[in-house]
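Let's start with one chain on its own, the form predicted alone, as structure tokens.
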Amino acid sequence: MARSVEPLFNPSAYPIELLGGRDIGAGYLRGCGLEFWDLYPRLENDPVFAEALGAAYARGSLLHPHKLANLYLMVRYGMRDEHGSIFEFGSYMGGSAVFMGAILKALGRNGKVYAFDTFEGMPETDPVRDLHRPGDFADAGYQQLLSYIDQQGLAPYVQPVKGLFDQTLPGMLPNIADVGLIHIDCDIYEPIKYLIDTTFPQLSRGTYVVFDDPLFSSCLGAFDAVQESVIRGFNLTAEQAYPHLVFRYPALR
């Protein structure tokens, strides 16, 4: 029997059920609602979600609709600070950044999506841990992304940050205390480990940390980084395991 997912749509209901520093109640409702229950068909009738979804796929998002739906639920209903921004690491063609920016625009929020990527393909990878190789996803179309953002009126809400993370992130860290969600979708070990170790100590609001890749069979390096730094290093337990691996940091009280 499916549980009611109504608490998901009521920000005042959060946290829905705390356990081990995460909102396990919300994680169950989002995950089971999307995988087993009727949550996604309900979201398809939501005009804000539908418009953002169309913008994401028009730009070329590779994310499964359930993943975009999960991001939508966290951004719209779960983020504690309606003015909080979003950091995305690994944007490729920018579809998911556009998606989240369109949500912020439709809701009249003041936050921004900072979309970090080389936009020129993957950097060096670990030949043993990582299946991906340098240069994968080189067809990002950076200039086309900038044009698309302007055409959609999203320039106040989406800011691409071009370059290697260890070169671009340090200058942006002063902004991260106000971040409500971090979306990490960069597939390979070293960048993910760097991002966890660099960003977590700067967070202050029970931030959603959303990993796209670790549960894919092609991304064991990403899973290694999560095991080493998130689970062993920061001693966190997951809030959600489908369609993303989601943690909260600092731990909720």
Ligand SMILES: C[S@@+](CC[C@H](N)C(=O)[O-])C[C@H]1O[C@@H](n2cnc3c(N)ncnc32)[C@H](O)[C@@H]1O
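Residue numbers run from 1 along the displayed sequence. Just so it is clear, the model here is predicted, and its values are computed rather than measured.
From this point on, the text means the form predicted together with the ligand, which you will not see here.
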* To do: Could you work out which of Ala69, Ala26, Ile188, Val226 is the residue within 4.5 angstroms of the ligand in the predicted complex, going by heavy atoms?
  => Ile188
* **Contact label in the predicted complex: Met172 to the ligand, heavy atom within 4.5 Å** => no
* Asked: So in the predicted complex, does Met122 come within 4.5 Å of the ligand, heavy atom to heavy atom?
  -> yes
* Can any non-hydrogen atom of Leu164 be found within 4.5 angstroms of the ligand in the predicted complex? -> yes
* Contact between Phe137 and the ligand in the predicted complex at 4.5 Å, heavy atoms? -> yes
* **Per-stretch contact check against the ligand in the predicted complex, the hit in 105 to 113, 150 to 158, 73 to 81, 164 to 172 (non-hydrogen atom, 4.5 angstroms)** => 164 to 172
* With the partner left out here, if you bring back the ligand in the predicted complex, are Leu62, Ser91 and Ser96 all within 4.5 Å of it by some heavy atom? -> yes
